[in-house]
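Single chain ahead, by itself, as structure tokens, in the form predicted on its own.
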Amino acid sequence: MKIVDLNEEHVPLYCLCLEDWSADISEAGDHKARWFEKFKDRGLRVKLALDDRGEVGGMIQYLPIERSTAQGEGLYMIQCVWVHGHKQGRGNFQKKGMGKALLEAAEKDAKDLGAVGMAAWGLLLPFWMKASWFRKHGYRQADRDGMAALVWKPFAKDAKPPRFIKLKKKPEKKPGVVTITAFQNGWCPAQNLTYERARRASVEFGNKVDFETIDTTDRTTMMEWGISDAVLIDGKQVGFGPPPSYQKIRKLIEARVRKLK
């Protein structure tokens, strides 16, 4: 196994979260690529795990927390660590130590860059980005939002724990139409997929639906709302994980359209 920095050759694969075989990922559009172009000059770091054949099996991305979807000072924030585990495409690379190696490499890099600690988000359920996996590697919980935990590992005694960005306001429903407000950051293809499905479904209902995109790559905008990524239909959030199907999102919109006077 070898841990390397992201290079130009692997950028397209990284932007697809290593799932270049996936029809779902292809639906997510080019939002991740555009996010990468913005944030590669804002401190974004990406490392890949290669097997002994040179095949990419895992990835980790992290950036200064001041430019991330969480709050903190002097920390680096892990937005994603992922080892490909599907039978399709490149196959299953999990249970071979790639995740641990990626995490250790990212922590060393953050220390070398002068960070006072590392933060990450994780789910309290045994799915992807498990909080328990980070705890096993020395992280402790700093904050919680529903089933999501914000964990961290301080490198310095004076490091301060991070916090989730909390919801500050919701968009108002516009009269006479179904109001869809999509907060779009771009860093995660799963969230981009939900955004794209909602956008496409809304077109089917013409002027009965008002679809608005709010770009949260601008941190001031994100902090104003307290939202990074979300699709809200008349103020009710559509779940992201796993991304709901196009048919499900369309049915949610249709149900609201039928209630219009």
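These numbers come from a predicted model, not from an experiment. Counting begins at 1, following the sequence as shown.
Separately, the form predicted together with a small molecule exists; it is not shown, and the next lines address it.
Contact check for W82, Q94 and H137: all three have a heavy atom within 4.5 Å of the small molecule in the model of the complex. Contact annotation for K100: at least one heavy atom lies within 4.5 Å of the small molecule in the model of the complex. Proximity of W133 to the small molecule in the model of the complex: non-hydrogen atoms within 4.5 Å are present.
Contact check for M129: a non-hydrogen atom falls within 4.5 Å of the small molecule in the model of the complex. Proximity of W121 to the small molecule in the model of the complex falls within the 4.5 Å heavy atom cutoff. With the partner left out here, the small molecule still marks one of 154-162, 74-82, 138-146, 175-183 in the model of the complex; by a 4.5 Å heavy atom cut-off that stretch is 74-82.
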